[in-house]
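Before any questions on how it binds or moves, here is one chain, the form predicted on its own, in structure tokens.
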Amino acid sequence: MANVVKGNFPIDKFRDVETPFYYYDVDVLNRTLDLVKKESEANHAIVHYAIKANANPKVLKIIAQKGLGADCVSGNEVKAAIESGFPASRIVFAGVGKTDPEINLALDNDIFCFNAESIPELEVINELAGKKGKVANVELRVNPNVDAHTHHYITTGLNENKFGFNMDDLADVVKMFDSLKNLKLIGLHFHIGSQITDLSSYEHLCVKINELQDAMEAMGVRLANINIGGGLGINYEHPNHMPIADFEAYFRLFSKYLKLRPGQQLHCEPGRSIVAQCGSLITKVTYVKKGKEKQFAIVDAGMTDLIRPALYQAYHRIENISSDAEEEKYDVVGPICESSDVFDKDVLLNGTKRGDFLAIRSAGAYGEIMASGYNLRRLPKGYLSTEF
């Protein structure tokens, strides 16, 4: 028997559920949220969960019940946050392309603030707020030109990226607020990328923020809020041994290196690090195909259910949760008519046969939410562990 450490799954109960589906371990989620609350409160930070990572309504309600705020990047995310119980006073709305209906929705619900990313956006929010007789809170998203040392598709803080204001332009942007009577500048917002495991990137961000604050104070500008965004990475290789991200080191770093001004409030926007490890994509083996050079485990999940391996060449640990047989090598592939529909190659799995359940781990973030109906496939459902 192979000595393999696996996750804990109620596979006998899985037999009554149509695969593929997402399985969310509520215990892991609650333990993660409890640590986030403990460390954020110890370091006087307000946490806004990034809904783009996972918007399953049942997951959102658990997060909202823990008292977190929400970070939204679309009008429908704002709507989902409110419907799930997140207080409007803790909802922030970011994104480079906010439409008029989305802005109006946020204004009507009196959210905490807009994280604005361009001069045209500021002008539109000002105009729409004026029509409603309101003053909208705004933070300026700043592009600090800090390399997050992550995949280039999920790096967002370099000059070449589409997000935010360049630091060199900020002084002129701040002066505009004298004429934008329906906007109130309340802070600065930063987000340099996602799946950041080299925390030195955050140290560089702190240096940039400190320099920027000094420059703004020289202009006579004092701000109430600093939002450092999200991006903290998780351990995809060892979800069983390291199910919770290092939030202690994350918050401690900002307490050490970020020079907040008296009375200034720190905000952050973790997403992946909150939900990734609690979620697994459960899929069933349809066929085992032995080729000339390869052995394929063909499963009923595909890139339509979890696109990260095809899109980012992302790694997810895969476990055969039905078998204790000796390990063999497999290419784990899906049924989609695309050569990129591969979850991983040369994977060591316990001896695998038709009907076995595989768990594709660390899939709670950017899994279910990015699923598509390509090939006219149904969208995967998501279930909490408490439903089994």
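All values derive from a computational prediction rather than experimental measurement. Numbers follow the displayed sequence, beginning with 1.
Another form, the form predicted in complex with a small molecule, is not on view; read the next lines as being about it.
Interface residue remark: R308 is counted as part of the site for the small molecule in the predicted complex, having a heavy atom within 4.5 Å. Remark: Y312 counts among the residues lining the small molecule in the predicted complex, judged by a heavy atom distance of 4.5 Å or less. Although the partner is absent here, S74 is not a contact residue: none of its heavy atoms lies within 4.5 angstroms of the small molecule in the predicted complex. The small molecule is not drawn, but in the predicted complex it has no heavy atom within 4.5 Å of I318. With the partner removed from view, the residue among G164, G302, G231, P239 that has a non-hydrogen atom within 4.5 Å of the small molecule in the predicted complex turns out to be G231.
Only one of the listed residues (A50, V59, I360, V36) places a non-hydrogen atom within 4.5 angstroms of the small molecule in the predicted complex, and that residue is A50. Of the stretches 282-290, 103-111, 125-133, 186-194, only 186-194 has residues with a heavy atom within 4.5 Å of the small molecule in the predicted complex.
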